[in-house]
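Here you'll find one protein chain in two forms, each presented separately as structure tokens under the names structure 1 and structure 2.
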Structure 1
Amino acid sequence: MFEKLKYWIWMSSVPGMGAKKKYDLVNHFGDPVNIWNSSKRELMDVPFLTEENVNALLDRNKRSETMGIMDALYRNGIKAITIKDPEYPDCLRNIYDPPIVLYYKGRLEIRQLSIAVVGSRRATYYGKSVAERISAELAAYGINVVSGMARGIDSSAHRGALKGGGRTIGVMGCGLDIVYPPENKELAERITESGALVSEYVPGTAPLPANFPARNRIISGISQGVLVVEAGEKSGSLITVGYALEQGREVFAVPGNINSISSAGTNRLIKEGARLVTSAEDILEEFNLIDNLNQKKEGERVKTVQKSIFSALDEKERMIAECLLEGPMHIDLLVRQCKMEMQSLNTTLVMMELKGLVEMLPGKHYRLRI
């Protein structure tokens, strides 16, 4: 088995060939080991291979690097799964150009419904808070939230899913030994505790701009639907929508202010027929799940969250945490809802920040960190 995996990894690391060509090549020869053992003449006979492709396949240096890659996988705790493995996600296997090998960190078994939550990197406060809220709701209903780990909406989607107590999958455009963007290091760690980070690239692959569009087909590929939270007219997340439509996935969009250029893309999607979404229930309804997953779940989630952290809090801290369960809140609203003196709220919030329970956002909004 180990020996066999080597040929798969070699195949996935060969440069100059797209995912579709590698997929076809593996099908043509039945298994990468057969490609490895083919002569130049046999390879030249394959109609869709160019001479450069053949040279790359025969390149001895490239072949000898394979053990190094396997070493890097081991050292970084990265696992590899091939398209022939029964655990390889079925929905991804069935797209036009599936990756022949999927690298991942964490736990990849995807049995439940998966929804991709994506949007602009340059997101507004509105976009980020909606992404976080809906992702938390989806997660609370036991739905897998898939996104691209980018700044802005993607990061908020992952955070929301974690806050909702659910699993989330981050699809990366670089090797999994690299954390990109770097400020997401902590988020990446938290994701792999319950969910997974996934990539089709071998370790050491840099986050090249060209990788991201290809990455997007995996985001939609492992999901049954794609929710675009906030996207401008030219946002990269619209590429994901293109793949989603090609792969027959549902497309959802969150409406925005009609004057906001950051929502121009999402508003247009709605105009063109994407389903308008204002809460997670709108998505559940589309998949006829609304009856199975009744509201009880939400209550349960709150209770488990409360049990785990609330027991350690003093009375003031608990009051604040309860208010923040509904989402980030401005300090002036908090003081009214908690009926506390301003100075004692100020003090308690800093104490909670130091304990890692809340986080201050610019503009004195506070967010619960669970």
Structure 2
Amino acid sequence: MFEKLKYWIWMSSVPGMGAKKKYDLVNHFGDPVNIWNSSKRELMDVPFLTEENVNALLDRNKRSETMGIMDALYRNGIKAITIKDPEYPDCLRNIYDPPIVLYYKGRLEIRQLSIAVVGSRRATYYGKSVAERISAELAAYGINVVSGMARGIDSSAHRGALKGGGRTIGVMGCGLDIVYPPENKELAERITESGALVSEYVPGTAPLPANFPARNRIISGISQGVLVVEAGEKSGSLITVGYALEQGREVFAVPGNINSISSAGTNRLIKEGARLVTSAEDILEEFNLIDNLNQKKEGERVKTVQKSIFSALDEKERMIAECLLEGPMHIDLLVRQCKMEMQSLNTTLVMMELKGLVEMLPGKHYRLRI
């Protein structure tokens, strides 16, 4: 198995050839080992290979690097599956240009529904909070949340999924021995505890600009639907939408302020037919997930029981608890929602923590414990 994998890894690292050409070449020869053992004449007879492609395939230096790549996989805890492996995600295998090798860290389990949540790197507070909330809701229903580990909406989506107690998959535009952006190091570690980081690039591959549009086809490819939370007219997340449409995936969008350039792309998607989304329930309805909706109704019943407990709270505590029924909330948003002074809110929250009614999460977020 180790020897067989070597040829796949070599093939995935050959430069100057796109994923589609590598996929077609493997299908042409049946197995990468047959490509490795082919002569120049045999390779030149392949109609879709250029002379540059053939020279790259015969490059001895590139071949000698393969063992070094395999060593890097081992040292960094990175696993690899090929497109011929049964564990390879079927939904990705069936796109136009699937990666012939998928590298991952963590647990790559993509059997349940997966929804990609994407958007602007330069997201507003509104966009990030919505991405986090909807991703948390999706995760709570047992849905995989897929995104690209970028700044802004992507990072908020991953964090929301983790807060919702679910699995999230981060698709990287570099080798998995590199964390990009670097400030997401802790987030990357948390993702691999229950979900996975995924890449088509071998270890040592830098996060080059050209890699990110290409990785977007994987984000949509392993998902059944793509939700765009916030995007300008020329946002890179719209590239993911293009791939999603080509792959026959559902497209969803969160509406935004019509005067905001940050929401121009999402609002246009809605005008063009994307399903308008304000909660995870909108997505569940599109996929006819009745059982999940019943669970949602049960959640509403629990909220009714919780409200009966509120009779023992004073006015300020009740106001805070009502706000937190919708899920974890940042203290700045609580100030606005409850229309309280920060000092008064802080004092009340401390008392509620002492009573075991609320708890503070990382980043000054609060949630109910009742």
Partner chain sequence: MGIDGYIVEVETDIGNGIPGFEIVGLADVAVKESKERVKAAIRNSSFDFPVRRITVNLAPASKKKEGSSFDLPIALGILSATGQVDTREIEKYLFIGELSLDGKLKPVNGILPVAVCAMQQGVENLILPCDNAGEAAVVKGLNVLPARDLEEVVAHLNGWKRIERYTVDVDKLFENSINHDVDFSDVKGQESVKRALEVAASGGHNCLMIGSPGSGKTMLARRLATILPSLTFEEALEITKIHSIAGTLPPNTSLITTRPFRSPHHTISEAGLIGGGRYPKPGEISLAHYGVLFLDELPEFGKQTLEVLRQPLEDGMVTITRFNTTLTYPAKAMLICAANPCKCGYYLDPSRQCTCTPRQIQQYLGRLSGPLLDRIDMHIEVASVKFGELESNIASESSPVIRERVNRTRKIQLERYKGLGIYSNSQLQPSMIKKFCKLDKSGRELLEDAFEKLGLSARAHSRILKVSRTIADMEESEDIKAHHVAEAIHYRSLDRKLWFG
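Predicted model, so just to flag it, every value in this text is computed and none were measured. We call the rigid core the largest set of C-alpha positions that still match within 1.5 Å between the two forms. Counting starts at 1 and follows the sequence of structure 1.
Colleague: Deciding between structure 1 and structure 2, tell me which is the form predicted alone.
Modeller: It is the second structure (the form predicted alone) rather than the first.
Colleague: Comparing between structures 1 and 2 on the rigid core, is the C-alpha shift at residue 13 2 Å or larger?
Modeller: No: residue 13 shifts by under 2 Å between structures 1 and 2.
Colleague: 2 Å or more on the CA of residue 341 between structures 1 and 2, with the rigid core superposed, yes or no?
Modeller: Shift of 2 Å or more: yes.
Colleague: Superposing on the rigid core, is the Cα displacement of residue 54 between structures 1 and 2 2 Å or more?
Modeller: Not so; residue 54 is displaced by less than 2 Å.
Colleague: Check the Cα of residue 357 between structures 1 and 2 on a core superposition and give its shift in Å.
Modeller: So the C-alpha of residue 357 has moved 14.5 Å between structures 1 and 2.
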